[in-house]
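A single chain comes next, written as structure tokens; it is the form predicted on its own.
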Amino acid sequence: MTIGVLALQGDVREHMAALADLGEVGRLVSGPADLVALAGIILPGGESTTLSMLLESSGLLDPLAAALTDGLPVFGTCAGMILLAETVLDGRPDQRRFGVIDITLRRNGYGRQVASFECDLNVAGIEGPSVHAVFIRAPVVEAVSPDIEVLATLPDHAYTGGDVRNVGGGRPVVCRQGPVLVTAFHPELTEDRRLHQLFVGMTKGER
């Protein structure tokens, strides 16, 4: 079984390392041929507008969209979450996305780089201690459809800084809809592999 990591920009090496730690085979995906025989794919954090342009220039946009529509399991973190969302507020008019998870989010909703923060989360389906989450220019989920499983929400008072008002506890930060898993933060930047393990289980039909 091979899991792809979109290798156009962003935290590519960190996701590959997470897969290796779990004993899984990872493949760098930079062109359409790299999509063949994947069990799932990870869309990493990075810069969502840049990733959108690189997906087009690499020829990956349409074949990846077709694979996701056909049910290829996908895990999107931060910018990857933006690429997968149905509706994106404050995005560029020409920004492309896949629209395979029915959520509405706002780019950089927690503020600029200086407003980055960390907190501990209780994630449904993850056993053991809380998950430490690193938020960097993270998207804010404004709405989810009834079909969305909200696996974790931002704890009250976790976000205390930045230049955004009315962003408090209760915001969804880990969501799932069928074969699509997304996080507003960067699980690849910690040594905790449990969210990656959850996704690996999804690719094997275990969860």
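Start at 1 with the first residue shown and count on from there. Everything numeric here is computed off the predicted structure, so don't read it as measured data.
Another form, the form predicted together with ligand GLN, is not on view; read the next lines as being about it.
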Q: Have a look at Val74, Ala133, Ala85, Cys78 for me and say which one sits with a heavy atom within 4.5 Å of ligand GLN in the predicted bound form.
A: Cys78
Q: Counting only non-hydrogen atoms, choose the one of 27-35, 55-63, 170-178, 135-143 that falls within 4.5 Å of ligand GLN in the predicted bound form.
A: 135-143
Q. Can any non-hydrogen atom of His186 be found within 4.5 angstroms of ligand GLN in the predicted bound form?
A. yes
Q.
Using a 4.5 angstroms cut-off on non-hydrogen atoms, would Arg107 count as touching ligand GLN in the predicted bound form?
A. yes
(Q) Where, within 19-47, is there a heavy atom within 4.5 Å of ligand GLN in the predicted bound form? Residue list please. (A) Gly45, Gly46, Glu47
